[in-house]
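Given as structure tokens, the chain that follows is alone and in the form predicted on its own.
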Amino acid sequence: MTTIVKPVNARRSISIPWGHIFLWILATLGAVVAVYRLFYGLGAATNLSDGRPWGLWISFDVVTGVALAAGGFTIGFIVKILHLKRFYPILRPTILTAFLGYVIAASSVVLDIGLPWRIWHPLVYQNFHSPMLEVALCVMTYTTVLALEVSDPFFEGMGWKSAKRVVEVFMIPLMVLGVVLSTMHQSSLGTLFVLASKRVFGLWKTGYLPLLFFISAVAVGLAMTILEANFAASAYDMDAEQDLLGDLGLYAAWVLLTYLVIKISTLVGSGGVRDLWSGGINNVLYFVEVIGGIILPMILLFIPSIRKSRKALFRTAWIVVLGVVLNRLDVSFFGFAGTPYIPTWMEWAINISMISAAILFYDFFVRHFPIFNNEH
């Protein structure tokens, strides 16, 4: 079976000690700041207010971060539902990355809301009129599903054959459940801004935001998978197999084309065209998002020579990721009306620490468990 990477010796590859030390310092600093925030409240640690109740943690870690973690359900759908088994080698590392992304998103919600000992309340005290209920339940459930999927290589690495067999029995149902849950909450995040449409700038104000959020999540999930494969190949002395990554790039191009058609159609249908030439930073951001973040990478990904070149495909995947990140920030941050807000250094420190901790966990897991395995 074709493999996405050919490990030279992932477990024995030489790390950069100072890099690990630096990441540990960042993770520890953020953990201290997080404790400070939980003890002294949002007012002491953030610049949030009644006029700007959602800030960096929600806009970037949740609204944006959940989209960046969409590779898990995207590759799961390709492998387990479409039965394209040649993509199986990228499933485990993609699932691991998605799991870490959702842990960051869930941690950000806890920090934003506070009272972490009440995080279970949505399971019991439901408000069935709120899309937040669906997002909360789906994120909690899907994070659990991802943890169970990650347990497969963990049990394999530990030699716990009985536990591994139990997980394997439920693996396909878990993958299907993961695809369903991701589809629900990726779109539900868009629903939040449909309900808050009075605060969303006209260029992004449309009742089709749930659909747009879902389709763009699929595109960025494919692009993130390309980036992750390249990072892993460089970090663990492996050769990336360009044919499979190129195919993912072609899939992303078609998804971007679909996304562009729907985005332009909904702009016309919602009357947002009148805001195109109204001036201001939002107009600049919109044109950068559409032209630079959708049209440009879409055209590049349709070119065979781009998909066959590792560097060119890697750079184009970066453009897709940055385009979707800009879209999420345009909707939830830049184009979202409210009082002026600039994140404090504490908000940035917590964000950076969670990313640092995720990198350290990923590195540890890859070095000690069969994430990249020729047999898979």
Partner chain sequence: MGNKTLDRREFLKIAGASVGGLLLTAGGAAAAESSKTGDGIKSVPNGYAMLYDATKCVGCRACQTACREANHTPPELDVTGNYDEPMDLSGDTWTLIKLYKDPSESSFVKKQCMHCIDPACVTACPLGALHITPEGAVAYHQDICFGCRYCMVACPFEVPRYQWRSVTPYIQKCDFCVSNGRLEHGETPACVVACPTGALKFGTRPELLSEAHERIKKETNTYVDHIFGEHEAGGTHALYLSAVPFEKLGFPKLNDTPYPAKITIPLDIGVPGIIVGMTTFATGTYFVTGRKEERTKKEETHDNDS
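Numbering follows the first chain given and starts at 1. Worth saying up front: this structure is predicted, and the values here are computed from it rather than measured.
A second form of this protein, the form predicted in complex with the partner chain, is not displayed here; the remarks below concern that form.
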Answer yes if any heavy atom of D112 is within 4.5 Å of a heavy atom of the partner chain in the model of the complex; otherwise answer no.
yes
Wondering, does W277 line up within 4.5 Å of the partner chain in the model of the complex on heavy atoms?
no
Wondering, does A349 line up within 4.5 Å of the partner chain in the model of the complex on heavy atoms?
no
Q126: heavy atom within 4.5 Å of the partner chain in the model of the complex?
yes
Counting any non-hydrogen atom inside 4.5 Å, which residue from V63, A27, L42, V321 sits next to the partner chain in the model of the complex?
L42
Could you tell me which one of R92, K164, K263, K80 places a heavy atom within 4.5 Å of the partner chain in the model of the complex?
K80
Any idea which of 64 to 72, 304 to 312, 45 to 53, 322 to 330 reaches within 4.5 Å of the partner chain in the model of the complex, heavy atoms considered?
45 to 53
Partner contacts in the model of the complex for 132 to 154 (non-hydrogen atom within 4.5 angstroms of the partner chain)
M132, L133, E134, L137, T141
